[in-house]
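Form predicted on its own, single chain, as structure tokens, below.
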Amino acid sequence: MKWDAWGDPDLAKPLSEDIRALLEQALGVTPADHPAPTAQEVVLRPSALSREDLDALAGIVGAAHVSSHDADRLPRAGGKSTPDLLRRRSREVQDAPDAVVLPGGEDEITAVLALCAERRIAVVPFGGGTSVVGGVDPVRGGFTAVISLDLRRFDRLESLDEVSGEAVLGAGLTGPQAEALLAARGYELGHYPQSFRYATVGGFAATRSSGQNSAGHGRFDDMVRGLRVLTPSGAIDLGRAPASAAGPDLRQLFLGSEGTLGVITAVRLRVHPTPAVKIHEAWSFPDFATGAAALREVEQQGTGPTVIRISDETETAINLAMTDRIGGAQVTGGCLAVTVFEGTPEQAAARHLRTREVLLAAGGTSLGEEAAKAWEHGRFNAPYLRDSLLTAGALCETLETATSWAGLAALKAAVTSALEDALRESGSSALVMCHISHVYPTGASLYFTVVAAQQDDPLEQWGRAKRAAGDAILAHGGTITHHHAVGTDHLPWMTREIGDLGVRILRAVKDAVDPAGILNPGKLIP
């Protein structure tokens, strides 16, 4: 990915003049005064590793797989949140890992961890670098140096059990690489988060990722049947059977552990045959409350869509402002919902019919297939718009949470108000959009997008809004994160999320598997 933006620079799209005019009229956004520095102009803090340290690492993985060059350190200097990208635009000295290390085998990782524990060097496991919560920030945490442990060489389909419907995938495989390897054998994983094009199998597991097809295939942790993890205290291979009563499920210690407890090298996953057909249908609802109730009915009746999601009135209106037709369908307002169904022709048709009956009865109006197909075609591209907004002088960021169906409306209202009030206090009016991104029988996830005019210190401006939103989430029964993970950004709320005893449990596990504390310090565990 581009070092100071999201994804492929060839896919970046500048804002149209109409959108620029809309931003200026609605939010007072004016173009940025100063161009961002080029990669050659960025000044990184010098590497703190000695020549002896670098030679020792090279002795383990090979000289070709260790680099302390700025060109290699810069792309791993953080993730892809708005604060990350704002920091990349700074002309001040920037932090970065002191070296990038690319192991090619589990024995090499074990040796690297032993060396780093001995020399007090922090280790940040690195997959696709798509974290939006500070999860791959090179925090030294009191250590002498920090390395980025890049797992891209763990990129094989290790095995496929077609009888059981399980595949073992290397942790360094990106989403497209994993799907291509499985597709060649007639199978699919079906995990499609917005970060799909760049995030990795190991990253999906380490962050409890949730993809846009979760209504049909579940979250990533639902797909996991086993995983291999290397820790400074030894290796562990978990998941002997589809289900077990042999004590607490230790897989859950490492799913969502964000590289703080071990390095995930391979994941055994549930897979399914590549769907024969897809059926798309978009819907319009008169208001968000009606649409949310309809989605709840669908999920609680188990009618089986692979994708089901709905945008609120503001998000739908903004989509309409960008084009008077969504995917060729004329939409005049309300809330836009999307459904997708997969499987054999008979399965997909039956699920589609059952869901359609529920949505019609709940007050939905069918818009046909084009808007749903248009959403699917562009579903990985929203971060490119965020980049263009930042360049144009707008502050744009996202956050997400989840709660019960009963608490959904109050949580949405509280977070929206918290964001608007905090940004107003900083001198900006704000546009707060929201959609239901994932549904469960007992609740759903709310995904917020915020746009405002950048002030003199946009990092502090967003920090104030984020703190207000986080406090509102915990005060109104939501989780501080549904699928973005904890990283550094959500750390201030973790004690309230899991309690003092929960924190002590995490610390005890950390002490057992990583007694020197070298793995991804400053993340997840208060």
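Given the structure is predicted, the values throughout are model-derived calculations rather than measurements. So that there is no doubt, residue numbering starts at 1 and follows the sequence shown.
The discussion below concerns the form predicted in complex with another copy of the chain, not included here.
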Distance check, T479 to another copy of the chain in the predicted complex, heavy atom within 4.5 Å: yes
G165 within 4.5 Å of another copy of the chain in the predicted complex, heavy atoms: yes
In the predicted complex, T403 touching another copy of the chain (heavy atom, 4.5 Å): yes
Another copy of the chain contact in the predicted complex: R76, any heavy atom under 4.5 Å: no
Per-stretch contact check against another copy of the chain in the predicted complex, the hit in 224-232, 369-377, 101-109, 195-203 (non-hydrogen atom, 4.5 angstroms): 224-232
The unique member of A63, A39, L474, A26 whose heavy atoms fall within 4.5 Å of another copy of the chain in the predicted complex: L474
Sole residue of S159, Q455, S429, Q301 within 4.5 Å of another copy of the chain in the predicted complex, by heavy atom: Q301
Whether R219, H484 and V509 all lie within 4.5 angstroms of another copy of the chain in the predicted complex by heavy atom: yes
Any residue of 223-244 that, in the predicted complex, places a heavy atom within 4.5 Å of another copy of the chain: R225, T231, S233, G234, A235, I236, L238, R240, A241, P242, A243, S244
